[in-house]
Ligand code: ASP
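Form predicted on its own, single chain, as structure tokens, below.
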Amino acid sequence: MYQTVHINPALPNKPRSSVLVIYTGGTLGMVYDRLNDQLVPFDFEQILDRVPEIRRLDFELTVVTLNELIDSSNMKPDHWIDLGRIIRKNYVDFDSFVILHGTDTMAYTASALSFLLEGLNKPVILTGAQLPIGVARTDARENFITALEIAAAQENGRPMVPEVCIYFNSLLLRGNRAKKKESVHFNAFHSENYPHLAMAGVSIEYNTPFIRSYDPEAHLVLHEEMETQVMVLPLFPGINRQVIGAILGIPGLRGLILETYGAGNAPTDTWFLNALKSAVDRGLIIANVSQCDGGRVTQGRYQTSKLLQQIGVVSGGDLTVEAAVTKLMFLLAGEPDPDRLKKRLAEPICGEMSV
């Protein structure tokens, strides 16, 4: 059982919507403990004291706190699946979901949930903060309140954003398109290869053409496996065969995200290409993504990337590294046919890449 707090500020009127808030940990929920001179997690029983704006909302919310709060640096695939289980268990009873999460791995969690929650037809909004809620200049209150507003937003009885998103510093981004870009400024997340889904100013303006359409026939299916035997390899000038050999020789390695230069280019040294080809031939799935935040891999545009294509490296298009890692984990766990796996890796599953 999780610690649960139920709040219905709409009373005595009927609430227009219901939101389940899942607090996983992270900076947002921290307050200053004067006695011990340190930041500690605050009790969500006191949420109305910390965020009195909640009293003016016209929908109900229920906050569940994980039994063990997680610094986002410690987030693991098992935690993603646990979050998916909480959403599945409560899917019928709530109109939408808000996940309070540390910023460092938020884009990984958002990407993972977009794959794990097949048939999702309700908002799942992740948000957090750069400063704790107990600090005077915190961004936590605005991020939290606006994430709640977006989660509860409906038009003609249907949710405005029926997909996994990240809300941060006035912008709503598709979860599997977002990256953390700032560690000290409030505009922590960006989405270079896909437009924002909404912008919150005086009013919340929705970028409707880019929001996934509501599907009245959809039914939620939770996938409960992720393959963790994957690796990310960023290329750099001077990378040597010992490093490549050590990584490709990791026992049990099943997937590799190769971070290449520009539009998907890599060294053309014979030893390098031979090492990759040998790995592909023995069944390793290798996806090519760019080190650039914007743009995309176009294998074959230059000779250097054409050689990768010829040896069986899969183009990751405009996938972020976060989406590429979680997509590969997802496919390796659930797709036994290697050819079909490669085909699905190169094609969009839930809006994570452009066609």
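Quick caveat, the model's predicted, so the values are computed rather than measured. Start at 1 and count along the sequence shown; that's the residue number.
Another form exists, predicted in complex with the ligand; not displayed. Remarks below refer to it.
Q: Does at least one non-hydrogen atom of residue 149 fall within 4.5 angstroms of the ligand in the predicted complex?
A: Residue 149 lies outside the contact set for the ligand.
Q: Does the 4.5 Å heavy atom contact test between residue 162 and the ligand in the predicted complex come out positive?
A: Taking the distances in the predicted complex, the answer for residue 162 is no, it never comes within 4.5 Å of the ligand.
Q: Though only this chain appears here, would residue 77 touch the ligand in the predicted complex if you measure heavy atom gaps against 4.5 Å?
A: It does not: once the ligand is placed as it appears in the predicted complex, residue 77 has no heavy atom within 4.5 Å of it.
Q: Is there a heavy atom of residue 290 no more than 4.5 Å from a heavy atom of the ligand in the predicted complex?
A: Outside the cut-off, so no.
Q: Just to confirm the contact call: exactly one of 262-270, 102-110, 199-207, 79-87 touches the ligand in the predicted complex at a 4.5 Å heavy atom cutoff, so which is it?
A: Result for this chain: 102-110.
Q: Scan 120, 126, 116, 129 and let me know which has any heavy atom within 4.5 Å of the ligand in the predicted complex.
A: Selected residue: 129.
Q: Since exactly one of 224, 192, 227, 71 fits, which has a heavy atom within 4.5 Å of the ligand in the predicted complex?
A: Spelling it out, the residue with a heavy atom inside the cut-off is 71.
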